[in-house]
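Starting off, we have a lone chain in the form predicted alone, written out as structure tokens.
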Amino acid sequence: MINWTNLDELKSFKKLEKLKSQVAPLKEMLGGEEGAARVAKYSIPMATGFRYNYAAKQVNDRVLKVLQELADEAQLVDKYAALYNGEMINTGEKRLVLHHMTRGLLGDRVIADGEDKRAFYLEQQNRIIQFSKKVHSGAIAGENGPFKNVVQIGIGGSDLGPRAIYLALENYARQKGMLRMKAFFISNVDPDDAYSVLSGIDLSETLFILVSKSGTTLETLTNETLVRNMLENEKLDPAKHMIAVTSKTSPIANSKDYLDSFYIDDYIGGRYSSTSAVGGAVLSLAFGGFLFDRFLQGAAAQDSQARERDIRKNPPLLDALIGIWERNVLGYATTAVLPYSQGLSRFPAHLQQADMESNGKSVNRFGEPVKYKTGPVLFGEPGTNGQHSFYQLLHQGTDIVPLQFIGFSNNQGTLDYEVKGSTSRAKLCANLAAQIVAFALGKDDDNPNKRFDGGRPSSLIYGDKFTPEALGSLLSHFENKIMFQGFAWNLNSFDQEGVQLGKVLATRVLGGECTGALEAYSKLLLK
């Protein structure tokens, strides 16, 4: 039987709190020969060739033992199993949570709404692949010839994840000769976003994907109207240049306004939808279904590893638990994701939504206020760009920010020349290693401005080369980490009521109650 218990009611958490003063400073644990041995010891193999290294985290074997006890007492792996076996986990909206089924079947066959959900997701994936093949062959084309561009219109999870994944795989696909169509994204209701995309492409060669599960998302429908008007201005029929990704019950399902419709359901939240039709349509059109399937295989492999009960064999679970230690015992309020890969330039933005929308909650699954801290503020930027931006605060600021580095041994592309004695790739890897050591060990100096206290914890996810499988594994790692932390905090990580209030107030403004930003601001305050 599963028990849903607040974190501060767990015996293991009370034990964990007592260990705060018993852990040596990070500079002591990571310095010298013992530090080198620690790097080798505190490392876990991940799916698709990654390793999760936590040597530069402020934990020791005693802390890890109690974290294992916490994982067992909180039944974190059992709750994961309940989720993928189809129990109602989203308590806020009374829904199942089935995004794992878009890339495989981890447990039981799940029947909901009178259908096998794994079969439903596979059916949609196969329909998308067949549609993509027809587009690539020219069997489905625009009024003036083959489609060369694809533009996704969506916001939130309908934009951030698919955009991050497309950018991550674009160079890989180009190098392998698998870049079939150039993809673009329109998300912001600010018309300048649409203009910046539409003014730079030939609309007659462009296929548009409208993504809205409800079919009523205001920003998305507004941007769709802009696109339709521009197509009509070019004497093009919008119905021959648009497809929809939506639910079967939405007002736009099976509409003659679209070439075709592909379906998702309420059991996949937007921020977890990149491996569904939400990501599948644009990514299959851009790269082909084979590459998208490889991405799904990587995610499935990491999902499977997340079932391990031993935290030292389960990287997302251990990563989540160390995050609990840092947030609820050490008191760190923020975390940064720092990919040393330009392909992952938008990955932190996707994780920002996935993490902060999931665990940015102050009541538990039953609507009761919690008395402990929950989800941290998350931000990030690729290295080495970030080093010349916000790393100053990370190194010498008054707050300690735990860091999550991501890196690869090899490039996606083939461009890499020696400059001043070393290649660009060597410089990138050197900077990554140097930052981890500098954050952990710091540097003494008589000049206070040049003194680094060190003791800044970090972890490293490191792989050989950025492949579709590796990216799927990386996505799964963070999705499952977020899920495990939500379980530990006894939260419902799968609704997002905090998104709704601003929408309601904006609708009141648009309903004619007030006009102009300042006037609207003042009148809304008076309500």
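For every residue, the number given is its place in the sequence shown, counted from 1. Keep in mind the model is a prediction, meaning the values are calculated, not measured.
Another form, the form predicted together with another copy of the chain, is not on view; read the next lines as being about it.
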Answer range among 253 to 261, 378 to 386, 312 to 320, 236 to 244 for contact with another copy of the chain, defined in the predicted bound form as heavy atoms within 4.5 Å
378 to 386
Flag this candidate site as yes only if 222, 396 and 448 all have a heavy atom within 4.5 Å of another copy of the chain in the predicted bound form; otherwise mark no.
yes
Does any heavy atom of residue 133 come within 4.5 Å of a heavy atom of another copy of the chain in the predicted bound form?
no
If you check in the predicted bound form, is residue 113 within 4.5 Å of another copy of the chain, heavy atoms only?
no
Report yes if any heavy atom of residue 307 sits within 4.5 Å of a heavy atom of another copy of the chain in the predicted bound form; otherwise report no.
no
Within a 4.5 Å heavy atom cut-off, is residue 118 in contact with another copy of the chain in the predicted bound form?
no
Would you kindly say which of 85, 297, 214, 352 lies with a heavy atom within 4.5 Å of another copy of the chain in the predicted bound form?
352
Among 144, 126, 137, 392, which has any heavy atom within 4.5 Å of another copy of the chain in the predicted bound form?
392
For the stretch 36 to 61, I need every residue with any heavy atom inside 4.5 Å of another copy of the chain in the predicted bound form, listed N to C.
36, 39, 53, 55, 56
